[in-house]
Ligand SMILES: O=P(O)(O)OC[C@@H](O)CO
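Take a look at this one chain, the form predicted on its own, written out in structure tokens.
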């Protein structure tokens, strides 16, 4: 069974951003989240990535790197593995195979036993990741479901990631992706900021991801989203 099969909640830490004053990575690890993912779209360097991975890896929680470019990859026993984005609706094919080829060409230390991919479907046209990958975000529920099905059954993806980065997404679209998947795990990220938004999205996605919240509001706010995600998956939850 994959590590993420039982995850309800992930905190994504951007190495190019700071934590709230007075808070530490130990505080983040203690929020009750199931895992920490380290990555961001812009400003990524190996030095920044290593600083966060070393700090988070000291604590008893799974830590995965999500590199946005080959230069930000860190090889370390401080983390559990690599989650590599493959952007299904990218207009620039570099984010489907090109950047991945360059990483392989440049890096002779890749540990394939710890390397996995995430099939991203990017849906907020205002987000940096949409601009960066030239993603076509003008998609309806049927389009997203088709991308999700292609990711699982044509490309063999174990993770499908519906990404609204910066805004709360359309629950009908997230539900359409969830309904079409057989075994792949559905991650959802974007706009989760409190208990209710976390619970709402966790009723459709297997795993919710919070990112900006930890940098902007801090660990108390993150802890509320953990509660929302866990309550949504409890046996009495209305799913």
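Owing to the predicted nature of the structure, the values given are computational and were not obtained by experimental measurement. Numbering follows the first chain given and starts at 1.
Just so you know, the form predicted in complex with the ligand exists too; it's not on screen, but the next bit is about it.
- Figure legend: unbound chain with the ligand modelled from its position in the model of the complex by local C-alpha superposition. Site open, with zero ligand atoms within 2.4 Å of backbone or C-beta atoms.
- Contact annotation for residue 165: at least one heavy atom lies within 4.5 Å of the ligand in the model of the complex.
- The closest non-hydrogen atom of residue 57 lies beyond 4.5 Å of the ligand in the model of the complex.
- Contact check for residue 191: a non-hydrogen atom falls within 4.5 Å of the ligand in the model of the complex.
- Interface residue remark: residue 212 is counted as part of the site for the ligand in the model of the complex, having a heavy atom within 4.5 Å.
- Just one listed stretch, out of 175-183, 49-57, 202-210, 23-31, contacts the ligand in the model of the complex at the 4.5 Å heavy atom level, and that stretch is 202-210.
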